[in-house]
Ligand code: HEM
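This document opens with one chain alone, in structure tokens, the form predicted on its own.
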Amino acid sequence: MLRDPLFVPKHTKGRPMPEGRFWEKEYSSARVWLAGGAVWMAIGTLAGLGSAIHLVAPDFFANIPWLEFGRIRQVHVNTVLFGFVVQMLIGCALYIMPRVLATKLFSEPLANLAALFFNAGVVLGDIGLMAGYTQGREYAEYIFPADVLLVIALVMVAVNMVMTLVRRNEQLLYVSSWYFAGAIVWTVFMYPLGNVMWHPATGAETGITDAIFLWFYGHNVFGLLVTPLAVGIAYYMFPRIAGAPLYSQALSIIGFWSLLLFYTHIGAHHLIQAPIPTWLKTVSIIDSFAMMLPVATVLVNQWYTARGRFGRFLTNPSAKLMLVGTIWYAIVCIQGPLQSLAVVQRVTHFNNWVVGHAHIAVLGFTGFIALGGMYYVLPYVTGRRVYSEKLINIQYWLILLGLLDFFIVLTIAGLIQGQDWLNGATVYRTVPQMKPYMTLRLAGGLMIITGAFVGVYNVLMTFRKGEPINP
């Protein structure tokens, strides 16, 4: 197995970057996607700060329409999801996939052009949201022109990945390539469907049909896009960091196909208390619990690969981020099936419990793995050692402590709200009880935002002043 490459020693022989135009250079697209993800993380968490301030001091941004809660909260959600997490995960995949296939990426210019369209979509979507133009559907708020740009970008990435697969030199498909190609190809079809792009004016169907469409998409944007991308990165990193072969190739394939089989049906568990068909509710609950199978295959496979070698993960900053991401994955996928039950939803639905769950899913699971993957591959795609190991550790602790604050505080707040509502209290009477919890949430958010800006600085300084790897 190869050595840990996070901070490449001076004597290591590196590959000099080829001459020519930037967008044609090997791994140039990975650099663009990774840098974009780091920048958007800072912007997205900053928008989250605006949302958190509203919950403590509702009049703080009075008379500034583009900073009102209903707008800035949507900017936060979509920027963190698409700008940060999706973009950083794709950046890692653009390096890892050619490596496991023993071939060059099919087209670096195409991948760079995809990054341009993708970032243009996020910029246009965010500007539209701040101006009050929204489709008003969870994770599908971006207006139609932004949707078009994102779909074009995803199609370009899909073509690039599929053609790289076709032209590969390595005949055995390692599981990471399965997850990467699957995630992008599935999303090319899922995104237009979930965003109802055949109705450009509204981006929505009518009535309960729209709710079913929305939550088919709302859950699958996690299950069929960010989850397989994150899992594919973890499958690449765990054996390399542990210095041991993958525990079981068979388990990895079972996990891949069971993810596709079960995850596609669970979105309706958000509609248990809505007038949708009973059979659809039943299927969504059953498959929510069945999701423990693919999750277990991933965690058992990766943790068994690392057994007896966890010390390597605790001393390597990028590996530490990766390991914690898998722990959050376990927590998310225990909590998720339980809250799909109607008896549990009576207390947990429509309150801060769900907000806490969403944060550990996006930032805890996929966000930590995205950050770990980024720091792992940066030396390879830049030809420079990461600027500062100390800054990675600072970012790690800031984000971890901030997220723990979010998870604990919002879970407690949600249970208080749910119990009060269950016992007949009106919503407005529970609002004053939430202020101390929202203040604690704001404190956790400040830690996460600080961590995001520390990360941007570290990434940009790696590009500018990271010590070159000696040829």
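One rule holds for the numbers: they count along the sequence shown, beginning at 1. Computed from a predicted model, the values in this text were never measured in an experiment.
What comes next is about the form predicted together with the ligand, which does not appear here.
Stretch 79-87 is the contacting one of 169-177, 126-134, 203-211, 79-87, since its residues have non-hydrogen atoms within 4.5 Å of the ligand in the model of the complex. The three marked residues, 288, 358 and 448, each reach the ligand in the model of the complex, with a heavy atom inside 4.5 Å.
Mapping the unseen interface onto this chain, residue 99 falls outside it, with no heavy atom inside 4.5 Å of the ligand in the model of the complex.
Using a 4.5 Å cutoff between non-hydrogen atoms, residue 389 does not count as a contact of the ligand in the model of the complex.
In the model of the complex, at least one heavy atom of residue 51 sits within 4.5 Å of the ligand.
Contact check for residue 265: no non-hydrogen atom falls within 4.5 Å of the ligand in the model of the complex.
In terms of contact with the ligand in the model of the complex, the residue from 199, 349, 104, 240 that brings a heavy atom within 4.5 Å is 349. Distance criterion of 4.5 Å from any heavy atom to the ligand in the model of the complex singles out 339 from the list 339, 164, 220, 119. The partner is not shown here, but in the model of the complex the stretch 319-338 reaches within 4.5 angstroms of the ligand through a heavy atom at 329, 332, 333, 336, 337.
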